[in-house]
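Presented as structure tokens, the chain that follows is alone, the form predicted on its own.
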């Protein structure tokens, strides 16, 4: 294709999920936006890199599970979805947003980890016949939690948003220490799997063309990090990520994009504070209950949903560190 990968990528003005600007496909033909599904609002944070920002809440009927950052990347040959949302309805809205920007095929759906707000929209893309890509441990993690996730979705949102929900496991995996490159045409994405950190199946996606890192929930900004893996492992991974030469990061929760490596600082500080407080409690033979109530409290004013998640983080950290 003689057209530059950037020439068709116009930042659409979006209001209430409805595009106000003319949307042009790579072929120069206006994309079909006459859909019954309302497209998600998207922000183009770099040429060809589109992000939808979720709210800092737990899933509820009021927010329809729209709580995480999800989006897509466009090349000259096709599209890669990066996380698909909390439920099939959100996945369909993300797909409609893609169709409002380009008529290129959706080649890949990449999941950064197992949590339902990042994977339960996968089913919306089944008709596109994409490769579903994730960490080598993702399939097992999803299988272990399938019933819990699907039951929780119905309980949180009701039957309609949860209709058709199912777990779609990866059809292609990324092993730790063996990054995978996928070519979208004119841009290469590098997928890297990590040892246990936020979860045991964290994956990042680096768009080499724009230097944009999709970090998934390895990076939380504004919303408190939630620990479902290893406290010490997460701290180690965050320090390692800082060495990457990237222009910007898309966090799993937070703004559409943030400066690098500054985006790592707050989460690292919180996790290191939590670890330090827990160690001090363990040194004086303090209890798990004490840790749940007091560890990390110095960070309380810095995070949304602190009360909802800090106690669980402290409990998990205590169990890990008592065997340190």
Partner chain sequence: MFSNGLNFRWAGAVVASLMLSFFAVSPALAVPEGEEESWTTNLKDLYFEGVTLEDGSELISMDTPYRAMDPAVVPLMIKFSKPQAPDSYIKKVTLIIDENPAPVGGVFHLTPEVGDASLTTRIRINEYTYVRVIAETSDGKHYMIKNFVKASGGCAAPGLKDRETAMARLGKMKMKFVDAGVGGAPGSAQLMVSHPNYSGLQLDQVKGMMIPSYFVNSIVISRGDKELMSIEGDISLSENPSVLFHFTGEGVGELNAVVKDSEGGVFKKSWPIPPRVDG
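The shown structure was predicted, so the numbers you read here are calculated from the model rather than taken from an experiment. Residue numbers count along the first chain shown, from 1.
Keep in mind that the form predicted in complex with its partner chain is not shown, yet the notes after this line are about it.
For the chain shown alone, residue 36 is not a contact residue for its partner chain in the predicted bound form, no non-hydrogen atom being within 4.5 angstroms. Its partner chain in the predicted bound form is approached by residue 116, whose closest heavy atom lies within 4.5 angstroms of it. Contact annotation: residue 306 falls outside 4.5 Å of its partner chain in the predicted bound form, judged by heavy atom distances. Taking non-hydrogen atoms only, residue 288 approaches its partner chain to within 4.5 angstroms in the predicted bound form.
From the list 94-102, 136-144, 204-212, 237-245, the contact stretch for its partner chain in the predicted bound form under a 4.5 Å heavy atom rule is 136-144. Scanning 143-170 for heavy atoms within 4.5 Å of its partner chain in the predicted bound form gives 143, 144, 145, 146, 147, 148, 149, 151, 154, 155, 156, 169, 170 in sequence order.
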